[in-house]
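Only one chain is shown below, in structure tokens, and it's the form predicted alone.
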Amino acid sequence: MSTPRVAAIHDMSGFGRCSLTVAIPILSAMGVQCCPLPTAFLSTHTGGFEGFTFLDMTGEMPKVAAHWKSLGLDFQAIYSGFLGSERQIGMVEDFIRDFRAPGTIAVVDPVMGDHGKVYQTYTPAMCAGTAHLAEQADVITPNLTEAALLLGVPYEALPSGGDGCREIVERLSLGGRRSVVLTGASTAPELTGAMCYDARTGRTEAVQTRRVPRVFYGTGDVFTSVLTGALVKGKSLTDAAGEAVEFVRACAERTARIQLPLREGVDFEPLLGLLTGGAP
């Protein structure tokens, strides 16, 4: 059986552990080939750094996609994250349409904001475009801020607690047509994790672990990369989310223990062995 292949459409930051510098090693450790399609190259990510460089890759993206199409490449998953412009949203939609085949999983992390605030680079038009892109997905992985944006409600108006998170994912499922994994979902103050609606089974389940009381950058990218790898390896949505939740917790605990500066992301590299079980 050939190695499963994932097209990862994200930016690449040379320093700071996020996006492609997270997705590539995590998927590789899980026995999955990661084929990066960069949306931009930055010297560092934008949180906590000044003077970073930014190279827009919008012009290259359709060329890469066309070359891959001419080679007859197929992907078991298409996984998109942070996008650099409104034009790129349409390009990702085109990529999903052109490369989607029976069995291909389209995973969209609708990156737009966090902690109740929209990222500075995301205009109202980009948020609307991201919501449209998410309609093409088989699985979406919003945090609570992005869930509010997708639902068109104020962040403060989101229902809370386990029942509230259950309501959110079921409302985001488009009437049961797509799976939803809500990250940062908590059923109790000392817990955190995800709430999952599985479009295949129609079931909603919480996946929880103990909370590490500190803010971390890049955990959303770590989470969705593990989730995507587990899905293409054949795990159910809830089991894939469980693997992602536990890996993020392990990374958060290690990062807090060694007191790594916030802007460096989570120290996940020494823990990649946790993801290699079952890989030949």
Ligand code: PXL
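Please read all numbers here as calculations on a predicted model, not as lab measurements. When you see a residue number, it is the position in the sequence shown, counting from 1.
We do not show the form predicted together with the named molecule, though everything after this point is about it.
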property	result
One stretch from 183-191, 91-99, 111-119, 152-160 that, in the predicted bound form, holds residues within 4.5 Å of the named molecule by heavy atom	111-119
Non-hydrogen atom contact Ala23 with the named molecule in the predicted bound form at 4.5 angstroms	no
Partner contact for Phe82 in the predicted bound form: the named molecule, 4.5 angstroms, heavy atom	yes
Thr46: touches the named molecule in the predicted bound form, heavy atom cutoff 4.5 angstroms	yes
Residue contact check: Leu42 to the named molecule in the predicted bound form, 4.5 Å heavy atom	yes
Partner contacts for 5-41, taking the named molecule in the predicted bound form and a 4.5 Å heavy atom cut-off	Asp11, Ser13, Cys18, Ser19
